[in-house]
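So this first bit is one chain, no partners, the form predicted alone, shown in structure tokens.
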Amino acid sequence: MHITRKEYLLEQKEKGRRLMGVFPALYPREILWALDIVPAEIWDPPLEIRQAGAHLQPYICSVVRLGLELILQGKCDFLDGFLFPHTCDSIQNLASVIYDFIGARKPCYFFYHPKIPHGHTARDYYLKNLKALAAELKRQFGPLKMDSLREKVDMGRRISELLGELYDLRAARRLDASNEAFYRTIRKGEYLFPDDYIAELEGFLTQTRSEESRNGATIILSGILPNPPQILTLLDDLDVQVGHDDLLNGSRRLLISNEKPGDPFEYMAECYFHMPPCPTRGSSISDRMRHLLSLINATGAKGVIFNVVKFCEPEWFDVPNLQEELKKRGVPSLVLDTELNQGLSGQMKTRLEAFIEIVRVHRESITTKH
């Protein structure tokens, strides 16, 4: 039986777990799990913005505006606190607005992670901040038990393995799932407790694993998150598969390390420093370009869609250069400047359809040459 995100969170609260509203995007979820806290990530709640505009400039991205609106409408009153990672200037400013100006009646916590380039002190800095967060949370949620942290680190590693398998199967065209179903499943990790998420991923793998290779055009999807979701629906209707993604709330934060967990803090640090390139961590254009090309080569994708949230500065700093480099290599790309939950306008639908036609022609021309 399907239940909504809020219904699930309220069920967890009835079980005695605490709930933490977490703003995007990178944070040590294992520490929260080990304290019996359910992270409820705040990305794109389906709301009409009525009050947030009084507190934010009109050129702030809709991730931030929707997050503030969620709080101002009282839809976070059942949460036990908020966590603000140092993702970008807008998220940091939002933390100030909520903590200092609107008088949030919930405890607010902050997590700072190092930006690239990583010097020799970056690892020590990250470890220090992991332990500092645990110490801060102790005052409200009690001490962090190392046995519990080790258990949750193992569960996080299992989740990464399952996600990696799903991504690999999709890249090999051996996953019988629509784009919409794939991301609906992946995004359940934004609020499910780890044991429930593991069961969800295992079930999805069992249902969708295929021995037959899928046909059709393949693209790479880049940006922050797969929203508006109607983009995925249109790609499904056009028989186009997202072969891989370069999304902040997708593969960019798959916490994968080849090391086996030893000390849990060291392991979490190892995972962080092995993440794919991301502008929110200060990755270079050249690193991002190499990563995009590796995804294109691994999937046989014939085009890239940059689905960029309007006013997202980290993304917009990179996209023009990435698009130019792809053009030099003969890879078609499309840039969509979107507001979250805006739906799919006729103009956007026409642009997507035209781009997919270009991708198909490009795919056929390469096939003919070979």
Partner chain sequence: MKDLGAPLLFRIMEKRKKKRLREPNPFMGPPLKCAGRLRQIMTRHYYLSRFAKGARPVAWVTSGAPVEILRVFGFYTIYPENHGALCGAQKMGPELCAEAEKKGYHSDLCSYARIDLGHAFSGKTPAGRLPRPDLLFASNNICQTVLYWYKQLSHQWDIPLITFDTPYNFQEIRSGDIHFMVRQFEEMVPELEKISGRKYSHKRFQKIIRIAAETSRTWGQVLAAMKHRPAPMTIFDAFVHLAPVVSLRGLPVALEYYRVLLNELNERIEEGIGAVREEKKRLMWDNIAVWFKLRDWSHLFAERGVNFVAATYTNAWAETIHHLTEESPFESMAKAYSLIILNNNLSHRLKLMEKMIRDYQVDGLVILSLRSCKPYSVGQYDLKRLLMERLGIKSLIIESDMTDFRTYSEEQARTRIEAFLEGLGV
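Every value quoted in this text rests on a predicted model; they were computed, and no experiment measured them. Residue numbers count along the first chain shown, from 1.
Beyond the structure shown, there is the form predicted in complex with its partner chain, which is absent from this document and is the topic of what follows.
- At the 4.5 Å threshold, heavy atoms of I116 reach its partner chain in the predicted complex.
- Using a 4.5 angstroms limit between non-hydrogen atoms, I31 is distant from its partner chain in the predicted complex.
- By the criterion of a heavy atom within 4.5 Å, C88 is counted among the residues contacting its partner chain in the predicted complex.
- Interface membership of F101, defined by any non-hydrogen atom within 4.5 Å of its partner chain in the predicted complex, is confirmed.
- Remark: none of the three candidate residues (I37, T208 and Y267) comes within 4.5 Å of its partner chain in the predicted complex, counting heavy atoms only.
- This chain lacks the partner; the member of D44, E69, D318, E41 within 4.5 angstroms of its partner chain in the predicted complex by a non-hydrogen atom is D318.
- Taking A95, L235, I220, L201 one by one, only a single residue has any non-hydrogen atom within 4.5 Å of its partner chain in the predicted complex, and it is A95.
- With its partner chain omitted here, the record of contacts in the predicted complex names 280-288 of 152-160, 185-193, 170-178, 280-288, defined by a heavy atom within 4.5 Å.
- Residues of 30-63 placing a heavy atom within 4.5 Å of its partner chain in the predicted complex, in sequence order: G53, A54, H55, L56, Q57, P58, Y59, I60.
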